[in-house]
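One chain follows as structure tokens, the form predicted on its own.
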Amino acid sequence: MKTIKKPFILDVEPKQLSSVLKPLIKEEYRINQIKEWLYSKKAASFEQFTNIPKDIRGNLESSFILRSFSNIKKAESVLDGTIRYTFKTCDSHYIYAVYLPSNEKKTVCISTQIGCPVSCKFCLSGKTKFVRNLSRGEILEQIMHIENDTGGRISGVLFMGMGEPMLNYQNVVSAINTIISKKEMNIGKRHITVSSMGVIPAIKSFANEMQGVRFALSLHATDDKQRKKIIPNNFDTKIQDLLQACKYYLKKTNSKLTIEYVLLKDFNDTSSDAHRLARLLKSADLIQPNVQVNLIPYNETNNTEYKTTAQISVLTFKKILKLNGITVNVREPKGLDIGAACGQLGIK
């Protein structure tokens, strides 16, 4: 198996750089210059550190690697300009990230694991065997590569790609701290959303640590038995307990909460499902201005078990939620023609 011989410098937290680089660099201002090249300027090679002496650049080159991905491929949608990136990791596995341009902002959807241990039945990522967590550097590298490749500043980050972020908690939190730091990547907390199928202890820890970052719960069902069918590895977490954890998150962070709900034809898209979802949110005291339900019509893959919900069912579901005072949005698919839409990231 191919492995990295030298340490990956992006895996070193900025606060630890001084001690790690001490054998090479004595001056603290040089450390700050290196941080700027790493995170603010997103340099792709040590040679680009032009205000750093050549001998120090050489020492950095011989001691660390600055990029870990290879054989990078991309596909651009002719429908909406979405770009799907495929990154080959140092140990020869593949992960995926998506660039979502719009007039208002440039957003990336990134992965946190190789494969996914949750194995949602409707998601291609769930069909990809779990291998390992991504390091903090690998998480950040996705953003840096896409920003350099597109030439535009990334203004939003969605942790909604391959993997379950709350099962890679420490690396995700470490990466977010760098993303939101004004001295490093400087992307506002309100422009970062972490999506999870629900790991209650991690949700509560995240509420305590990452105040202001937005959270999205992948719910997708209105009762526990129904949810277990499509999310088999859900740690037997009960929906009521998940919603209480979300309520704690709202109270602690004063941020926004999204309830994500994939509509699967003849499975969870009936009027009865919509009414049950409304009752669930009401009983959990989650019908609030800063809570939104995102309805996601299923984006079909080679999975023959599930089909896309009829448009009339989507509109009926939305109408019922709105009549119950719930803020609701129907998510428009992006990158359908390149396999970049929600649930399509995985082996193709």
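All residue numbers are counted from 1 along the displayed sequence. Bear in mind that the values here come from a model prediction, so they are computed numbers and not experimental data.
FYI, the form predicted together with a small molecule isn't displayed, but the following is about it.
Only one segment in the set 293-301, 314-322, 42-50, 24-32 has residues whose heavy atoms sit within 4.5 Å of the small molecule in the predicted complex; it is 293-301. Though the small molecule is absent from this view, in the predicted complex it lies within 4.5 Å of a heavy atom of just one residue from Q142, S196, T258, T253, which is S196. Distance criterion of 4.5 Å from any heavy atom to the small molecule in the predicted complex singles out V262 from the list V262, I176, I187, A245. Contact check for C123: a heavy atom falls within 4.5 Å of the small molecule in the predicted complex.
Residue contact check for G161: one or more of its heavy atoms lie within 4.5 Å of the small molecule in the predicted complex.
In the predicted complex, T82 stays away from the small molecule, with no heavy atom inside 4.5 Å. At the 4.5 Å threshold, heavy atoms of R136 stay clear of the small molecule in the predicted complex, well away from it.
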